[in-house]
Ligand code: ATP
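Here we start with a single chain on its own, the form predicted alone, put down as structure tokens.
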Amino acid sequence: MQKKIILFGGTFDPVHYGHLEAAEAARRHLNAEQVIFIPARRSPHKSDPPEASEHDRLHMLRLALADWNDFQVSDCEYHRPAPSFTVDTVQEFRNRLPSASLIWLVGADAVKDLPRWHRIDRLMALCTLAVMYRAGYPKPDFSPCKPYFTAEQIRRLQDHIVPVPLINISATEIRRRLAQGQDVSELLPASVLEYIRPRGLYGCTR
């Protein structure tokens, strides 16, 4: 039986409970053995670079994942020039794990942009794309993809929809609160906050 491995990419600037709960929900729903968090040097889908350094984002992830036995972190995208193209990352894992079933997590808000992803046909041949959507929200709409994808590609997307808990947390909001000296202790692991504070990350002053 193929080992299922979920690849979860993002800037994680900073990593928070929303990321962790979504990853665990996806692992359970897809019956995967492992989730690998992959911080990007810079996402091709975001115009602004991450606020925290590569080193800091990687260290915060390691702290956040320390108590999760089925979670790991990979810095593979740090060893390639930016931006971080998903297809190159998945190809790297395919080379390392030729017999594994690789699954790349995609947010529902990114579905409309999938036809414009770099070498999307190659990416869909290398792995399964699993689309996350929040509980209480409509299921993802794949109609924008239909002119560009085959019927089989659309079917595979529709077969791998992952419901995740409705957790109203965003890294943007966490950064804003930190800069304003507001409490964020309920939004991210204590070990991550303890790393942020003495270093003054995100304008944090206490």
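For clarity, a rigid core is taken as the largest C-alpha set superposing within 1.5 Å between two forms. Heads up: residue numbers just count along the shown sequence, starting at 1. Quick caveat, the model's predicted, so the values are computed rather than measured.
If you look for the form predicted together with adenosine-5'-triphosphate (ATP), you will not find it shown, but the lines that follow are about it.
Engineer: Quick check for you: of 146-154, 60-68, 25-33, 133-141, which stretch puts a non-hydrogen atom within 4.5 Å of adenosine-5'-triphosphate (ATP) in the predicted complex?
Structural biologist: One stretch meets the cut-off, namely 133-141.
Engineer: Would S53 count as a contact of adenosine-5'-triphosphate (ATP) in the predicted complex, using a 4.5 angstroms cut-off between non-hydrogen atoms?
Structural biologist: So S53 does not count as contacting adenosine-5'-triphosphate (ATP).
Engineer: Quick check on Q158: any heavy atom within 4.5 Å of adenosine-5'-triphosphate (ATP) in the predicted complex?
Structural biologist: Answer no; every heavy atom of Q158 is more than 4.5 Å from adenosine-5'-triphosphate (ATP) in the predicted complex.
Engineer: Please determine whether P189 contacts adenosine-5'-triphosphate (ATP) in the predicted complex, using a 4.5 Å cut-off between heavy atoms.
Structural biologist: No, P189 sits far enough from adenosine-5'-triphosphate (ATP) in the predicted complex that none of its heavy atoms falls within 4.5 Å.
Engineer: Is T172 close enough to adenosine-5'-triphosphate (ATP) in the predicted complex to count, meaning some heavy atom within 4.5 Å?
Structural biologist: T172 belongs to the contact set for adenosine-5'-triphosphate (ATP).
Engineer: adenosine-5'-triphosphate (ATP) isn't shown here, but in the predicted complex which of M124, I103, V73, V106 has a heavy atom within 4.5 Å of it?
Structural biologist: Answer to the contact question: V106.
Engineer: Are there residues in 14-28 with a heavy atom within 4.5 Å of adenosine-5'-triphosphate (ATP) in the predicted complex, and which are they, in order?
Structural biologist: Sequence-ordered list: H16, G18, H19, A22.
Engineer: Honestly, after the rigid core fit, is A135 moving at least 2 Å at Cα between this form and the one not shown?
Structural biologist: Moves: yes, 2 Å or greater.
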